[in-house]
Each structure stands twice: as structure tokens, then as C-alpha cells.
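Quick setup: one chain, the form predicted alone, written in C-alpha cells, and binding and motion questions come after.
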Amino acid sequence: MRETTGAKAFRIVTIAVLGIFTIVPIWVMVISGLKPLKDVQGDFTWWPSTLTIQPYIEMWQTVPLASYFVNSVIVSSVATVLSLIIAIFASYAISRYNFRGRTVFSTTVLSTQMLPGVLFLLPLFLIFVNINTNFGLQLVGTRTGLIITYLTFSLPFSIWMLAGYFDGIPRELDEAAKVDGCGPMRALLTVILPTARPGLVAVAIYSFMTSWGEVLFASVMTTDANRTLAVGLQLYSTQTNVYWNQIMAASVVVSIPIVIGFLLLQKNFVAGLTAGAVK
């Protein structure tokens, strides 16, 4: 079907407007990180009167950003790996086996996505406190507790999406693997997972992005020693001053890992989302 002139013009205008809404905030963030503080606090200009990289140097001194960066990398990476491993086995079981409670489990996993994450904050905090009281296991204010917290809302989506992706993989592959002498575990690891690579990449990116940029739970479940980047950015605002240029510079640095990862894996990410969303 040939596109009409009006439809083409509408598409171009829509893309241009969306592009402006996307590019302008990024431009303001980048250019504000290259301005002296007095320029950022004064009247807004699209181009700084003086270009400087000093905010990118001072931001590491004003706030222990390097420590927060390490905490974010550890927490996000471990949460992503654990979420991916658990989701693989859970979604494969849902996709390939009929067991008692299968429908209830699948519905429960999906229904958790209907609730806002803030509802889980107080229950999780109380659970962690009771675990510490009864078993002496400290979870509040530790990386371990934050990782477990992130698993609670990354796992349901990961399981649901991977289950849909596994449903799209022909069962004949499993049967062929069994004929070749593979058990269920070996068939999963050597046949199904290589085929499901786009879905795995999509789940990994989603889990990492969710953990990397999360603020609410990290602000409650961490201390000064294990604070993450998303929470650490708030420390550029003090009682006497707000270092806007350093905040913008730090925001650019924080965004780099996500942007690079998405650009490298965007094909697999899009393929995994589209395949896993439709059974």
C-alpha cells in the first residue's frame, strides 16, 4: 500500500517532534555539564559563555562517586545474573511442562506487574528487619538486601517475557535433542538457550536498567557505605548550594554504561521484546 503525501508529512512531523523532545533534554544535560556553576545558576543559554571540563573533575571530589559507581555495578550485575538464571529455569518449566498450579503461578507472576513498586517497600523492609531480629542476618543497609529487593520486581517480568519467548521455539528441537541422548537440562543449555539469545539479551538489559536507575528502594535499603549512583546524585544538593553543573556531568557519566550496552545489543533487545511479547 502506497503512503499518501499527508500520511508521509504527518509521520515526518511526528518523528521530528519526538526527536526534539528527546534531544533537547540530552543537549541541556551535556552542555550544562560543560558550564561554570555561575553560568548554570544564571539565565539559561543554549551555549556556554565559557566551556570547561572542571565539573567532570570536581564531581568525583564533591561526592564519592567512584564508590557509588562500584556499588551500582556490583548490585546491578549480580541482580541481572541472578534474575536471568532464575527466570530461565522458571520460564522453561512454564513453557514446556504441565504441572499442578502452573496457571496459578503464571497468573500470579503476571499480576505482580499491575501493582506499583512502592507497595512492596514497607513489607520488604519489615521482612528484612524480622530476618535480622530472628536469624541475625543483616539485609537492610547491605548490597545483598538491595539485590534481593531488585529481584522481587525484575523476576516477574523476566519470567513472563522468557516464557513467551520459549513458547515460540518449536518443541521439535527438544524432541530432537532427546533423540540425540540429551536430558532436559542438557537440551535447555545446548539447544534452547542458544536459540533464545535475543530473549535472554532483552531480559538482561531490562533487569540491568531497572536496577541501575532505581532510586526509591536504594534510598531506604542502603547506607553511606553502599549507596548507589541514583541515590548518590542527590548529594550534589547541599544546604548551602546546588552544584547543577556537577549533577549534569555526573548524569552524563551515569548514562554512559546504559547507552553503550543498548547500542551494542539493540538488535537482540528489540527482537527479544517483540518475540517474547507475543505467544
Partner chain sequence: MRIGSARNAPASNLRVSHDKDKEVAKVKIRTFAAAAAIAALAITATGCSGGTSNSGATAGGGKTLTYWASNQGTSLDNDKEVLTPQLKKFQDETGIKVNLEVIGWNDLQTRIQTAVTSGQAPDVLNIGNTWAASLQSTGAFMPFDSAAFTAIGGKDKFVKTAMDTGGMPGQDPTSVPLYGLAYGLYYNKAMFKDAGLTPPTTWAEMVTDAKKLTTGGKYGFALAAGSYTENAHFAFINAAQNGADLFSADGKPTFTSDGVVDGISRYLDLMQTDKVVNVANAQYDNGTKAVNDFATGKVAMILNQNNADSSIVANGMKNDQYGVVAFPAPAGAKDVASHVAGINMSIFKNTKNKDAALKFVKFMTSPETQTALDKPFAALPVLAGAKAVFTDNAQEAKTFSDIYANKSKPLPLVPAEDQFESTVGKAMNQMFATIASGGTVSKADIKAALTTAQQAVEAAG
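Residue numbers count along the first chain shown, from 1. We call the rigid core the largest set of C-alpha positions that still match within 1.5 Å between the two forms. Keep in mind that this is a model prediction, so the values were computed, not measured.
What follows is about the form predicted in complex with its partner chain, which we do not show.
message = in the predicted complex, is there a heavy atom of its partner chain that lies within 4.5 Å of any heavy atom of residue 54, even though the partner is absent here?
response = No - in the predicted complex, heavy atoms of residue 54 and its partner chain never come within 4.5 Å of each other.
query = Does residue 154 reach its partner chain in the predicted complex if we count a contact as any heavy atom within 4.5 Å?
reply = Although its partner chain is absent here, residue 154 would touch it in the predicted complex, with heavy atoms inside 4.5 Å.
ask   = According to a 4.5 angstroms non-hydrogen atom cut-off, is residue 179 in contact with its partner chain in the predicted complex?
value = Looking in the predicted complex, residue contacts with its partner chain do not include residue 179, since no heavy atom lies within 4.5 Å.
ask   = Taking heavy atoms and a 4.5 Å cut-off, does residue 242 contact its partner chain in the predicted complex?
value = Output for residue 242 is yes: heavy atoms within 4.5 Å of its partner chain.
ask   = Among the candidate residues 84, 140, 192, 201, which is the single one with a non-hydrogen atom no more than 4.5 Å from its partner chain in the predicted complex?
value = Result of the distance check: 140.
query = Does anything in 127 to 151 come within 4.5 Å of its partner chain in the predicted complex by heavy atoms, and if so which residues, in order?
reply = Sequence-ordered list: 127, 129, 130, 132, 133, 134, 138, 140.
ask   = Relative to the superposed rigid core, does the CA atom of residue 116 travel 2 Å or more between this form and the one not shown?
value = Comparing the forms between this form and the one not shown, which are aligned on their rigid core, residue 116 does shift its C-alpha by 2 Å or more.
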